[in-house]
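Only one chain comes next, encoded as structure tokens, the form predicted alone.
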């Protein structure tokens, strides 16, 4: 089974478990709405590529690690789109969840997806309790405070913003989770994999800042110009368009060098290169010229 098929099968199973029993029908429907369609599934794909590069000796753990990250990511999108944050009307080319189901169910959907992320890991604990516990610990760190996506969102409410800390928490956290959890699922230590995840996460944030500034809502499938409209910090605001592009190139060059020694290092490096090439669409580069 290829990586994409592994991801979709595992996500489908996790959502079906949340929809079982006597689940409230509309909330159960909203769970599926929040994760489908799934965009590029970059974070779980990265996680599985790292696990494969490290041997992938326990695929059930690798799949659970990858899916738990994606469920947390989808939860963050649901919450980010709500009126108290971005007040976005569209996400992935369709109405944002709070527009389709209302704010109460959007809040509960996000909460349910976060809970499901940890539950997915707990269910495979018997495969290797030590690894599973470490996976849960990493996911907790990269979801909450002070280093997770909750902290990243929290920075937007501060008068003085540490841009580096903001980017590392808001976007980088789940990429660090992806690289570290992929390694841990395959029996490797987490620490050496932090820099790779951090670099890829920062690159994605810079790329997102560029797309927000240069592309249309139709191109992105979500509202454009949100950083300027909401007075949020961004690489474009701080460095200018060309400066942000240069920064993106520097980050991804360093990402290749940051890959730790592992059996599948060459294949993983190729995956990172391809990811870098896809980060900023040609339309954004043309708009910058």
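Model, not experiment: these values are computed from the prediction. Positions refer to the first chain, counted from 1.
There is another form of the same protein, the form predicted in complex with another copy of the chain; it is not shown, and what comes next is about it.
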query = Within 4.5 Å of another copy of the chain in the predicted complex, heavy atoms considered, which of 73, 167, 79, 199?
reply = 79
ask   = Considering another copy of the chain in the predicted complex, which of 132, 210, 96, 176 comes within 4.5 Å of it through any heavy atom?
value = 132
query = Any chance residue 155 has a heavy atom within 4.5 Å of another copy of the chain in the predicted complex?
reply = yes
query = Should residue 111 be counted as a contact of another copy of the chain in the predicted complex, where contact means heavy atoms within 4.5 Å?
reply = yes
inquiry  = Within 4.5 Å, heavy atoms only: does residue 103 come near another copy of the chain in the predicted complex?
reply    = yes
ask   = Looking in the predicted complex, any heavy atom of residue 162 within 4.5 Å of another copy of the chain?
value = yes
Output flag, 12, 35 and 38 jointly within 4.5 Å of another copy of the chain in the predicted complex, heavy atom basis = no
inquiry  = At 4.5 Å between heavy atoms, only one of the stretches 132-140, 215-223, 200-208, 177-185 reaches another copy of the chain in the predicted complex; which one is it?
reply    = 132-140
